[in-house]
Ligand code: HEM
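Only one chain is shown below, in structure tokens, and it's the form predicted alone.
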Amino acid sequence: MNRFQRLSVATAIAVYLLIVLGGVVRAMGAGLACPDWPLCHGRLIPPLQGPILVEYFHRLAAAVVSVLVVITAIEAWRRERHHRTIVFLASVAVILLVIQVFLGGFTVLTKLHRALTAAHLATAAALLAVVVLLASLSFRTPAPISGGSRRR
């Protein structure tokens, strides 16, 4: 595997694990353990106990995923620019990431408003679909370039 393939697979796995962790946050009722955003209890590092620990870990994992999505996009733009579909999908992933970050914040600030919670999950699913497709396409062998002879 080349660097971009490893990075895109790692990003897809990380996005999936973040969604699973978001499900844990929801199941434990820890979504408001950090009642403010982007800080948690007004601090960069809150008291790490109980539900706060779970919600804070979700936020830290989201930060790692954000970095991975951005690095994957930068690598696509720099090293895969000849694959327009890959560049397009990497760009879409960054756009979805920005939407997802704001939805996550607004979800907390509106005390888990149902519509925003649903939109947050839907955007996460869309982001997962895009990064899985991106990773899959990174393994596609480029079509061979014709040597000049044509069939008639």
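Residues carry their position along the shown sequence, with the first being 1. Note that the coordinates shown come from a computational prediction; the quantities given were computed from them, not determined experimentally.
The same protein also has a form predicted in complex with the named molecule, omitted here; what follows describes it.
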| field | Answer option from 94, 54, 87, 101, heavy atom within 4.5 Å of the named molecule in the predicted complex | value | 101
| query | Quick one: does residue 59 come within 4.5 Å of the named molecule in the predicted complex, counting heavy atoms only? | reply | yes
| request: Mark residue 10 yes when one of its heavy atoms lies within 4.5 Å of a heavy atom of the named molecule in the predicted complex, and no otherwise. | output: no
| said: Taking any heavy atom pair closer than or equal to 4.5 Å as contact, tell me whether residue 112 reaches the named molecule in the predicted complex. | reply: yes
| field | 4.5 Å heavy atom contact, residue 19 to the named molecule in the predicted complex | value | yes
| Which of the residues spanning 18-53 lie within 4.5 Å of the named molecule in the predicted complex, based on heavy atoms? | 18, 19, 22, 23, 25, 26, 31, 37
